[in-house]
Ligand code: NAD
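A single chain comes next, written as structure tokens; it is the form predicted on its own.
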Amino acid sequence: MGERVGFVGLGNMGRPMAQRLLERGYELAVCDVRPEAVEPFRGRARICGSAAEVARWAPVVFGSLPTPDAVRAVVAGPGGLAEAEGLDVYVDLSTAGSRTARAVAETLRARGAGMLDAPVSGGVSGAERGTLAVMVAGPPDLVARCRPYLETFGRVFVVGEEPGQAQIVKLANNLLSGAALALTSEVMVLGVKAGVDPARMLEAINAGTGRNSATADKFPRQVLPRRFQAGFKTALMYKDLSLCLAEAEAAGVPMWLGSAVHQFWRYVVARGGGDEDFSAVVRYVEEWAGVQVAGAAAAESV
């Protein structure tokens, strides 16, 4: 292909997505504030010292960043994309909220560049396999131009034409995901406390109406084997839930149940679990109950 693209932010999600662009034959420039993050790309991609340097080399730049502040800094901060001449489109794969998406779009528009709001869902495994759900909002012409790149990451869902609309969909998705993991933690601990084998309990639930992303994936793959390596930090889930509730507050939409889910994750972060994998939140329910959801064991003392 030989087309030049750039990628800023080589974390758990960004690294495999950038890798997929290389595998598709695109010429790639990369940048990350952590020197160790760019090392796997040395000799295979152009290593840049700033986002602006990436954008001077590649007309289309992707970003996968952890927080709204990081997104704003990469776009409008020193050495940011807004300093570069030649940037055509910035595609933001981050989850940073609609307010940040609109601000970034306006900053780039003033510089003559376009922006696509394109957060992703599917975890590290989805990024590695190219099976992510890519939620996109932006002008149709930019969507059409960037669709071949986005399809490298997974299935594209165009949800609107205004930056920020895809953020709303992604935050709603993560509130549902966070609720499923929190509530599944509680019911699985209840089952183990009652002497039920957790593997058999999951098998029954997954054949019934209670099946969800936590019972089908996170518990059998991460919790029962005590791996806790899904690749998403608890602090980031809490950040996304906080953003979702802020969106609801701004829109005047009640979030009674969403607020309860938010408080659960806030408790875990307050207890020092922010740097843990988000699948490990079950440990905090286990601690309360004095049992452990592990393997085929019915109930083990913590």
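Just so it is clear, the structure is predicted and the values come from calculations on it, not from any experiment. Residue numbers here begin at 1 and follow the sequence given.
FYI, the form predicted together with ligand NAD isn't displayed, but the following is about it.
- Residue 236 is the only one of 236, 47, 248, 269 with a heavy atom lying within 4.5 Å of ligand NAD in the model of the complex.
- Comment: 93-101 is the region of 93-101, 204-212, 147-155, 184-192 lying near ligand NAD in the model of the complex, near meaning a non-hydrogen atom within 4.5 Å.
- At least one heavy atom of residue 10 is located within 4.5 Å of ligand NAD in the model of the complex.
- Using a 4.5 Å cutoff between non-hydrogen atoms, residue 120 counts as a contact of ligand NAD in the model of the complex.
- Using a 4.5 Å cutoff between non-hydrogen atoms, residue 231 counts as a contact of ligand NAD in the model of the complex.
- Contact annotation: residue 74 falls within 4.5 Å of ligand NAD in the model of the complex, judged by heavy atom distances.
- Annotation for 159-182: the only interface residue with ligand NAD in the model of the complex is 170 [heavy atom within 4.5 Å].
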